[in-house]
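Two forms, one chain: they're shown below as structure tokens, one block per form, named structure 1 and structure 2.
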Structure 1
Amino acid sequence: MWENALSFFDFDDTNVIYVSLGTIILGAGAAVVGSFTFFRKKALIGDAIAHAILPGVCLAFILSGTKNYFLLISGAFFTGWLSIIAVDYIVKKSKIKEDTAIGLILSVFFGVGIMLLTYIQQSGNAAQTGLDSFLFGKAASMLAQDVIVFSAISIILVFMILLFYKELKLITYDKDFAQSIGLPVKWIEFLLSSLTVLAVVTGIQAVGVVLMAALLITPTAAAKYWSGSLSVILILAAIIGGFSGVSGAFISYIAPNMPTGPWVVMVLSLFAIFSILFAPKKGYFSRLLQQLKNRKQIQDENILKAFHQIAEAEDNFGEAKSLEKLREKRYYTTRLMKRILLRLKRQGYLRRTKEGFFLSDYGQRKAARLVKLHRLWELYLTEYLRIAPDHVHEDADTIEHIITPELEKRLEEKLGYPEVDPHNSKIPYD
């Protein structure tokens, strides 16, 4: 097996080069076209097309008796398109919703396809070997001429997407507006559907019918975690699609009994899972980190506020405050409390002497601001939202942490720099 792996990278076998290049191009092409079906929220139509292609291929073979590319692709294109039209027609003319229509069409076409395939296999026509690779994809055993034909189609697809990028983007984002400026929306939609059918026809070489939808959708689903710009997402999706394609081909080359398609999809799914978990900003862990940060901020600010409140009650701002008194205001465990205090000291809000912790000048200002925000918000809730004074404290306790300086200023102006809050506590200003 490892000898196989090494010989893959030697590229001694010219077929290896073809297959590698071919799967990269096929994967990338399908991913780029798939991006638009994804953002048009028609991700599943790819699945319908993929299944609908099988009867077309079989019919073309039965009628011609040979494995002529042009005929097979034409047959595939024909029934693929037929499935789109059928889904649209059902949605438009009946009460059946799109997901159901796709399910119906997909199974009918696929059923007919399997019937025809079985018929062909039993007919004893020697040329039929290899037709069933349509079901699961067998990129690793593609021949040079297969690769050239399908790669050429993929390159044309990507070229067409680039050529009509502006228009495709507009009809995907805002179809009504596109139509209002006189764009030939129907024509561009027809073009995109045709490109999708062709992408499916070529992509099937890599992953087969059943897994084709993944090749269209998954690269974009992963890529959109990394960028908010359509052009960047398209490039990332192409890279992910291409890389997954060649990885699948590689694995089924080193272990010839392994089917290509499932491995391509495995690699794609790894990309998607990795993106969902680890992407910056939108990823799961990044969000988790943000929540942790928020929690720390709330804890820190609550303790600063407690310092201020105690000082206010004792009318003594300079002195150290004991842990017990702080815990009366905010019941955190002693361990947590100590951690927060040390953190605040590190950040320069607190200072520490033998007697304990006390607010630094900077901390003093920050604490006063927090108390002010809390009390301003309470006042805003009672005055503008007419909420009873005894209900406003909990609301203000969360809101005070997220009020920005701009909102603070507007709040002050709106309320006219009031002296006291609804509970008659003094509002501290700088």
Structure 2
Amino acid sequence: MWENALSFFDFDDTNVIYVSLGTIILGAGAAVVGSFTFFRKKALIGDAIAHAILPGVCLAFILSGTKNYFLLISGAFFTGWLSIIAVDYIVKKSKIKEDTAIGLILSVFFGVGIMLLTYIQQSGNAAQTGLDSFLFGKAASMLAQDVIVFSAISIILVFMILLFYKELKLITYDKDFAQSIGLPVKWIEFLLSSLTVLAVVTGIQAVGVVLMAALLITPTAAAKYWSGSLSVILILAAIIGGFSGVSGAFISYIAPNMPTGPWVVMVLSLFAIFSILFAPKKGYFSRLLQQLKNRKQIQDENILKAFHQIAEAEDNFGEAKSLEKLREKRYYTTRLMKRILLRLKRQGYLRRTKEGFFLSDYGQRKAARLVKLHRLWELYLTEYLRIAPDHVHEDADTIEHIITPELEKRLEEKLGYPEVDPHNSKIPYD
């Protein structure tokens, strides 16, 4: 098995070269076009096109009697486009929603395709061999001419995306604005639909009509967890799509009984799952860690503010505060309170004596700023939003943790550096 794995990367076998190049090109091309479909929230339209292609392939074969790839692509392109027109017509002329219309067109076209495929299989035409590979894909059967055709189509797809990148980006994110500045939105949508159909038509050779939607959508679904820039997402999606393509070819090479198409989709799915879980900033664990960090920050700041409030009431900032007094202000468990106090001590905000903890100079400045932010926000809510003073505490208790120094300065200037809050409590300044 390992000998086969190493021999794959020698690329001595021309079939390995064709399959590898073909799946890389198909995966990358479909991913780039699929990104716009994904961000326009029309992910299912790719599935509808993929299933609608089958009757076009079968009709082209029935009419020509041969398995000419150009004719098959032409037939697939025709019925793929027909499915988009049918979906748009149903949505515009009836009360049926788009997702329902897509499901309807998908099932009808695919049903007709299966019926025609069965007819061809029973016709006795010897040229029908391999025609059923359009259902599940058969990347291992790619020839040099297939790679040339895929390369040419993929180059056209990428070139058109680059040429009309700004227009496609604009209708993807703000179609109404694009119309308001005079862009030919209908024409651009026609172009994008044509590119999507073309990407699907070429991709079915690798993964088949059943799995083609995954080749369109999954690379972008994975890439969007790693960046917020559309241009970067397009590049990442192309890399993920291409890598998944060659990975599927590699797995089917070392395990000959494993089909390429499903493994391409499996690798794509692993990419998506990994991205969802482990991507920085947007991944599940990254967000979970950030939530834990935010929770600790809020707990720490609440206790610092409690220290200041107790010291303010007692008019004694240098005396240690007991755990019981702090718990009167914040109803944390004793165990959690001790953990927070030790954490604040490590950070230099607190000092410890036998009697308890007290604020360091650094801690006093931090606590005073938190109290100031709380009281400034309460005053802002009462003066500008006309909220009653007894209804502003909870909101201020939340917002004080995220007020930036810039917003703090604007609040001070807008309120005129007030001395007291709505409850006549003194607002501490540096």
Partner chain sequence: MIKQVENPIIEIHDLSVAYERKPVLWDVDLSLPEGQLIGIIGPNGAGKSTLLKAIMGLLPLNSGYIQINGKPLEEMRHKISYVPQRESVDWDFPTSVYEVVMMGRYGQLGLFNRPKKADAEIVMDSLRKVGMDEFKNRQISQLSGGQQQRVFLARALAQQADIYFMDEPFAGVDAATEKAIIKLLGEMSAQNKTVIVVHHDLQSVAKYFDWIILLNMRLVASGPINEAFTPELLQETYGGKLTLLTEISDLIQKHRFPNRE
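On a predicted model such as this, the values are computed, not experimentally measured, just so you know. Each form is matched to the other, and the largest set of C-alpha atoms that superpose within 1.5 Å is called the rigid core. Sequence positions of structure 1, starting at 1, serve as the residue numbers.
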- line: The form predicted alone? Structure 2
- prompt: If the chain splits into two rigid parts between the two structures, do W263 and I105 fall in the same one?
  reply: yes
- request: Would you pull out the angle in degrees that the smaller rigid body rotates by relative to the larger one between the two structures?
  value: 14
- request: State the core-superposed CA shift for K296 between the two structures, in Å to one decimal.
  value: 3.3
- prompt: Superposing on the core, what C-alpha displacement does L381 show between the two structures, in angstrom?
  reply: 7.8
